[in-house]
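Quick heads-up: the C-alpha cells below are two forms of one chain, split into structure 1 and structure 2.
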Structure 1
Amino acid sequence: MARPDDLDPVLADLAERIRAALAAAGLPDTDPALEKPKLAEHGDWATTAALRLAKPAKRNPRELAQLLIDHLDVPEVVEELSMAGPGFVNFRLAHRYHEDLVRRVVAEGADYGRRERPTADREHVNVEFVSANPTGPLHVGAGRWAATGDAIAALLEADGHRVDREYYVNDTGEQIRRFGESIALVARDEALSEEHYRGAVVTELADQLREEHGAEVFDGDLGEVAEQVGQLGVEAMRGRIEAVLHEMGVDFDVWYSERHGLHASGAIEATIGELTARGETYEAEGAVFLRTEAHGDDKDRVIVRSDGRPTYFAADCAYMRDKWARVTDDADGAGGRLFYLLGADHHGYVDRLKAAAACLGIPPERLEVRIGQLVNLLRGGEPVRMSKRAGETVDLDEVIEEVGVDVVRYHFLRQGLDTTVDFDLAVVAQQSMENPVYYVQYAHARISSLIRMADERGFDAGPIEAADLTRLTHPAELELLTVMAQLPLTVADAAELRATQRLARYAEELAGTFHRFYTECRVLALEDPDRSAAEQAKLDALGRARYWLAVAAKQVLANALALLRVSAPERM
C-alpha cells in the first residue's frame, strides 16, 4: 500500500515529527503508518505507532501514545490531536489544509491525482493483455481483459511509471492455417468439417478477401491457399479487433506479430540457442526440453518437438526475451517489468512462464502474472454457451452496441480481478439504470449543469485567488473536501494493487459526497431580501467559495473517471 506521507508534503512533515517524538521519548523508531481513521469524528489522520511499539516494549499502548503526544512538536497545520481507543493518536488538520486543496486541484487540473517518481523508483512496464487469437471476433469475456488491462496501465502511468500496452498476435501455426482453409472453403462453396471455423465472420472475411484480392486467391492447391488466405484473414481480423478495442477506448502501443517478430526474425532459434548456452536445455526422446521443473514448474517442458518444430512455448520464451530487452534498454535506467494479464483458463501457464523467466535470467520478481477469473455470460440468468469454432459467440461489439461502452467498462472495472463476473445481457441491457456508473456520471453532469447555470445567470465567482475559502465549514462541505483529498492515495493504492475496483468505488464515494453537498448546500442564488447588506455580502462570499469547491469536485471526479476511461458527461 502506498504511503500517505509519500504523496503529501504536509503528511511527510507530520510523519517525520512523529519519528522525532519517538526518539525524544526514548522509544524505538517505528513506521508512523499514517492511516485514515474509519470515522470522521476521530480526525483526519491517525498513527498506530504506539500500538505497534507496545509489544516489543512490553508497555501499555495508551501510555506510549501519551508519551508520543507529550514529545510531539505539533506542526501548525494540526489543529487538534488526541489519543483514542487502544492507543491511536488522531490528528485533525486545520481548515487551511482544505482551502489549499481546492486551490491545488484547480491549479493542477487533470494532473491532480498523478505523481512523478524519481528515476530509481520508476519502472518501465510492458503490459500485455487481451492477446486473443485473431481467428474470430472478440467476445464479451475479452472485454474484461481489455478494460482491466487498459485501466491498470492507466493507473501505472498515473502512478509515475512508463507503460507499453501490448497485444500479442498469434498469427501463425496450425490454427491459422485451418482458419485460412475455412475461409477458402466457404469462398469456394465447399463443405466444412468439424475442425473448421464457421459463422458469419468467416463468410464476411471470404467476401472481403475476394473483393480486396480477387477470387483468384482462393484458387489452386488447398494447402497453399489455406496458408496465404490464413495470413490475409488474420490481418483482416486483427484490423476488426483493433477497431472494436478502439471503440472500447483501448489503444495498444504495440501489436506484436508472432510470425514476423519471432519466427521470421529467427528470434526463436536465437532464444533456444541462448537457453542452451545457459545450460537450461537437454535432449530426450528426440525432443529438446527446457529445465522448468528446476524453477518451480511441475515438469520440464518441450520447446522443440521430436520432428524439429519449436513448440508454442518456445515462442513464448522468445517473446518474453524480446519484451524484456525492450523494457530494460531505457536510457534513464528505469527498472523493467513484464506484466501479463491472463484469464483463469491460463493459470496453468503461470509456473512455466516464471520458470521460463528464470531460465532466461530475468529476475522472477520482474515477471508479474495476474490471473483474472472468467466472465459468466448469461441471458436472463441462463448461461450462454459459446464456441468460437462453431461461430456461436456473443461478440463484444454487439454488447457495446447494446448497452454502451461506459456500462461495459464500468461493469468489469468495479469488480476485483479474482471474482467471477456475471455478465447478464438481459439485466445489463434492460435494467442498466441499476448500473452505478450512472450514479457517478450523474454527479458529474450535475456539477456541469450547476456551472452552466452560473454562467447563464451571470454569476460572478471571481478568481479563485480572491475566493474566501474559509467559509467552507458546513459538514457536507468538509466531507466533500476530505474525500477529494483522497484521490492521490487511492490512485497510488489502486496502481500498486492492480485493483481497478478501488478507483471505481472511490468515484462512487466521491459522487455520493457531492450529491449530499448539493442537497444541503446551495451555491447559486443565496439570497435573502430580509438581510442587511453586510449579511448578504457574507452569503455572496459563501456562494463564491462553494462555486470553486464545485469546480474542484468536478475536476476530481473527471480525473477518476478518466483513469477508468469512462466518460464524464456534461449532461445526460
Structure 2
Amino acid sequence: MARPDDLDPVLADLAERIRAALAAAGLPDTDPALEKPKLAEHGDWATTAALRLAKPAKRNPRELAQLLIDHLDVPEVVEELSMAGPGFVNFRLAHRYHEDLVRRVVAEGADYGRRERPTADREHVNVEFVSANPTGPLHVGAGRWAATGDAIAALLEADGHRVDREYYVNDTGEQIRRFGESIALVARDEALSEEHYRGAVVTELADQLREEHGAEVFDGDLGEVAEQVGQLGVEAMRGRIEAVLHEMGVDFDVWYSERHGLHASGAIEATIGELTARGETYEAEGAVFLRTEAHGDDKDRVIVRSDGRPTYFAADCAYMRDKWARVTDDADGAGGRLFYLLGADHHGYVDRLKAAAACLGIPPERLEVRIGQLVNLLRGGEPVRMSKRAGETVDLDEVIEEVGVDVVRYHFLRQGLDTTVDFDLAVVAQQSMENPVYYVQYAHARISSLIRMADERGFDAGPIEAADLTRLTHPAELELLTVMAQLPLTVADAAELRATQRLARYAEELAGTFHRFYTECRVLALEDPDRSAAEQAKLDALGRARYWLAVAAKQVLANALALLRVSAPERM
C-alpha cells in the first residue's frame, strides 16, 4: 500500500520528526509507518514505531512511546499528541491543516491527487487490454476490459509512472482466412456454412470493401480471395473497433499487428533461437518444447510443431520479448513492467505466461496478469443472448448509444475485477440518486450551480489568500475537508492494487459529504434589512470561506472523475 508520508508534505515532515525523536531518545531507527487510527476519536494519524521497537529493544512499548513523545519536536500543524493502547502514538492535526488543504487544492488544480516520482522510482508499464479478435464488433463484455484497462493506465500515470496502452491485433491465422471467406461468400451471394462468420457486420463489410476496392476483389479462387479479403476485412474492422473505443474515451498508444510485428519480421524465429540458446528448449517426437514446467507451468509447451510451424504460444513468447525490450529502454528508471488484463476464459494462461517470462530471462515479478470476470448483460432482469458468429450480439456501440459512455464506464469501474458484473440496461440508465454515476455527477453539477449563482448575485469571494478559512468548523465542513484530503492516498492505493472500484467508491463518498454540506451549510447569506452590519460582515466572511471550500471540493471531485474517464458535468 502507498505510504501517506510519500504523498503529503505535512505527513512527510512529521515522519522525519519521528525519526529524529527516536534518534534523540537513543532508540534504533525504524519506519514511522503513519496510519489511520481505527477510531476517529483517537486522532487523524498514528505511528506504531514503539510497538515495532519493543522486541528488539526488549522494553515495554508504552515506555518507548513515551520516550518518542518526550523527544518529539511537535510541528505547529499537530494540535494534539497522545498515547493509546499498547503503545500507539496518535496525532490530531490542527485546523490549519484543513485550511492549507483548501489552498493546496486550488493551487494544484487538476494535478491534485497526482504525484511526481523520482526517476529511479518510476516504472515504464505496458498495459495490454481488450485485444479482441478483429473479426467482428466489440461486444459489451469487451467494454469492461476497455474501461478497466484504461482507468488502470490512468491511475498508474497519476501515480507517477510512464504508461503505454497497447492493443494486440490478432490479424493472422485460420480465423482471419475464414473471416475473409465469409465476407467473400456474402459478397458473391453464396451460402455460408456453420463455420463461417455471419450477421449484419459481415454484409456491411462486404459492401464497404466492394465500394473501396471494386467488385473484382471478390473474384477468383475462393482460397486466394479469402486471404486478401480477410486482411482487408480485418483492417476495416480494426478501424471500427478503434472508433467505438475512442467514443468510449479509450485511445491506444500502440496497435500491435501480430502479422507484421511477429510473423513478417521474423521475431518468432528469433525468439525461438534465443530460447534455444538459453537452454530452455528440447526436441521430442519431432517437435520443439519449451521447458515451462520447470518454471511453474503444469507441463512443457510445444513452440514448434512436428511439421515445422510455430505454435500460437511461440507467438506469445515473441510478443512478450518484444514488449519487454520496449519497456526496458528507461535505463535510469525502476525498470519495466508488463501488465496483461485478460478475460475469465484465460485463467489457465497465467502460469504459462509467467513460465515463458522466466524462460526469456524476464523477472516473473515484472509480468503481471489480472483476470477479470464476465459481464452478464440483462434487460429488465432478463438475460440478453449474445453470439458473434450468429450475428445476435448486443454490441458495445449499441449499448453506448442507449445508455451513454459515462454510465457504461462507471458501472464497470465500480466493481472489482474478481466480481461478475450484472449490467442491466433498464437499471443503469435511470437518472435518480440511487444510480451511483448520477449521484456523483449531480454533486459536481450542484457545486457548479452554486458557483454560478454566487457569480450571478455579484458575490465577491475575493482571492483565496484573503479568505478566512478558520471559520470552517461546522461538522459537515470538517467531514468534507477530511474526505478531500484522502484523494492522493486513494489514487496511490487504487493504482497499486489495480482497483478502480476504490476510486469510484471514493467519488461516491465525496459526493455524499458534499450533498450533506450543501444541505446543512448555507454558502450565500440572504439579505436581511434587520441584520446589523457586523452580523452581515461575519456571514459574508463565512460565505467566502464556504465558497472556496466548494471550489476546492469541485476540483477534487472532477479530478477523481477524470481518472475514471467519466465526465464532470456543469449542468444536469
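Quick caveat: nothing in here was measured; it's all calculated off a predicted structure. So that the term is clear: the rigid core is the largest set of C-alpha atoms that superpose within 1.5 Å between two forms. Along the sequence of structure 1, residues get numbers from 1 upward.
Shown as structure 2 is the form predicted on its own, with the alternative form given as structure 1.
Relative to the superposed core, Ala541 undergoes a C-alpha shift smaller than 2 Å between structures 1 and 2. With a cut-off of 2 Å and the rigid core superposed, Leu275 has a Cα displacement that falls short of the cut-off between structures 1 and 2.
Fitting C-alpha atoms of each rigid part between structures 1 and 2 shows the smaller part swung round by 15° relative to the larger. Taking the rigid core as reference, the CA displacement of Lys58 between structures 1 and 2 comes to 8.3 Å.
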